[in-house]
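Just one chain follows, in the form predicted on its own, and it is written as structure tokens.
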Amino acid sequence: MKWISTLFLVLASGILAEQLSAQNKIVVFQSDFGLKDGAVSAMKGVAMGVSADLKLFDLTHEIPAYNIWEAAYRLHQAAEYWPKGTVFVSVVDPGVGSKRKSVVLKTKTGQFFVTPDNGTLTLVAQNLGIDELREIDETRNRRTGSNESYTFHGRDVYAYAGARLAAGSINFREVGPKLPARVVTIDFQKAVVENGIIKGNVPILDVQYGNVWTNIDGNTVNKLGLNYGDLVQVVIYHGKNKIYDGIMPYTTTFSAVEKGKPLCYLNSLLNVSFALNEGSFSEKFKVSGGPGWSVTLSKK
């Protein structure tokens, strides 16, 4: 009988560990709602109704309307800095009311993402890994009395289910049925080196300053044998259209070039970026970001 007791303790400890991993009580909200009305406040009110002990934070509510790609990138940008057990509720949902699935992704880093499965999970799935994916069972994890509300799943499903998970009212298995470990993804140019040229994506802009960010990391840059001070040729495309073609130094700081001059540097995520010293690169050269934007980088 001793082995039965041991087995029971092992199973019990595993279940407890799973429950505790979702119980740091942190919920981080993201949406394309803006802050002009009460939508964000309503989601937080639902969460606090689940447990007043929750700690609620905002990633951003300024995602451009319906821009699933930017939602995916902002999650990727911020998620790794939050502790294990954090629950992210991301609501950029142009397909609300359609057959798209409402899911919770648990990453290999132990964080949870509550969102429609519409491409929002593209980058966190790629970079943090999929540990498990579950579909939200709305018969158990939907706000009471909301069954006739069809257009605010952020409040009625995602905020409610995310709050229950973060508070420990449910464990991850109680979210709903397990799904295959794959999510809807958005295609984009991954960073690769081919014949001495790096190809990559321009996923996003540093919106405050107009700097242009890429998905090319420092390790990939090292494959070109670049040193700070070297010149690089940068070509940026939107689809097949060439938008920018120029030469600039690879530097550590903006002040390494004269005011108004272009430079190539590693941003706060240690990815290659382009800027004008005290100017807006994106505005001057009409560059934007998204899955359809790409870049090549080569040493001069």
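What you see is a predicted model; the values in this text were computed from it and never measured. One rule holds for the numbers: they count along the sequence shown, beginning at 1.
Another form, the form predicted together with another copy of the chain, is not on view; read the next lines as being about it.
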item: Single option in 196, 129, 83, 229 placed near another copy of the chain in the predicted complex, where near means a heavy atom within 4.5 Å; value: 83
item: Contact residue in the predicted complex, chosen from 234, 39, 257, 243 - any heavy atom within 4.5 Å of another copy of the chain; value: 39
item: Touches another copy of the chain in the predicted complex: residue 152 (any heavy atom, 4.5 Å); value: yes
item: 4.5 Å heavy atom contact, residue 139 and another copy of the chain in the predicted complex; value: no
item: Residue 61, heavy atom within 4.5 angstroms of another copy of the chain in the predicted complex; value: yes
item: Heavy atom of residue 101 within 4.5 Å of another copy of the chain in the predicted complex; value: no
item: Another copy of the chain in the predicted complex: contacting segment from 161-169, 121-129, 174-182, 67-75, heavy atom within 4.5 Å; value: 67-75
item: Partner contacts in the predicted complex for 268-289 (non-hydrogen atom within 4.5 angstroms of another copy of the chain); value: 268, 269, 270, 278
